[in-house]
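Below you will find one chain, with nothing else, as structure tokens; this is the form predicted alone, and questions on how it binds or moves follow later.
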């Protein structure tokens, strides 16, 4: 067995490599990559089947690197090791996992034993391992009536990108009324309203901007999610 460690922090990278060696006596080679771009290249050149990576990195974040690795080799087993349990990251990972893939999402605050158990469970036993905090967030976002559906989340991203209702309707193949209905549900779930006593024509308030602001504060959106969304928008604009 050989394992690829992708982490831009040198200390964390060294710690991960030692954790892999301690947890997996079967592992003969641990190769390190200092960012997602290098990790993608090494995964491709060496056909790694086992990868541990950070999510937030310079020069290609973990979600984009994992997307590429899984696209080229869907059976790769990946353990995400991150400081963050933001909904934006959780949704980002959930969107790219291939059907039936063995993967994990463990927070850096987890104990050494927890990390080692996750490594063996994913790489040896082909089990998925998701930290309790992350799992709880997944369940809330999918099962809670106040959680955003995928279609509502798309609308949130679109307004964060500055698209008008008509542009969203064209991009998502929706009617204008459908876009406006989804926007209304989004505002209700984010509790975005005009303040008491303020009329709708009061130009001191912009509900779209307020929705994006609240989403950022609640960590529904982050830099990585918007970076990817901007790239997807550019691709869409180029083809229309």
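A quick note: this is a predicted structure, and the numbers were derived from the prediction, not measured. Residue numbers count along the first chain shown, from 1.
Although not depicted, the form predicted together with a further copy of the same chain is the subject of the following passage.
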Should residue 230 be counted as a contact of a further copy of the same chain in the predicted bound form, where contact means heavy atoms within 4.5 Å? yes
Against a further copy of the same chain in the predicted bound form, would residue 22 count as a contact residue? Criterion: heavy atoms within 4.5 Å. no
State yes or no: in the predicted bound form, is some non-hydrogen atom of residue 162 no more than 4.5 angstroms from a non-hydrogen atom of a further copy of the same chain? yes
I'd like to know whether residue 167 contacts a further copy of the same chain in the predicted bound form, with contact meaning heavy atoms within 4.5 angstroms. yes
Counting only heavy atoms and a 4.5 Å cut-off, does a further copy of the same chain in the predicted bound form sit next to every one of 11, 206 and 209? yes
Name the residue from 184, 46, 213, 175 that puts a heavy atom within 4.5 Å of a further copy of the same chain in the predicted bound form. 213
Based on heavy atom distances of 4.5 Å or less, which listed stretch (124 to 132, 95 to 103, 153 to 161, 70 to 78) is in contact with a further copy of the same chain in the predicted bound form? 153 to 161
Using the arrangement in the predicted bound form, list in sequence order the residues of 216 to 238 with any heavy atom within 4.5 angstroms of a further copy of the same chain. 216, 217, 219, 223, 226, 227, 230, 233, 237
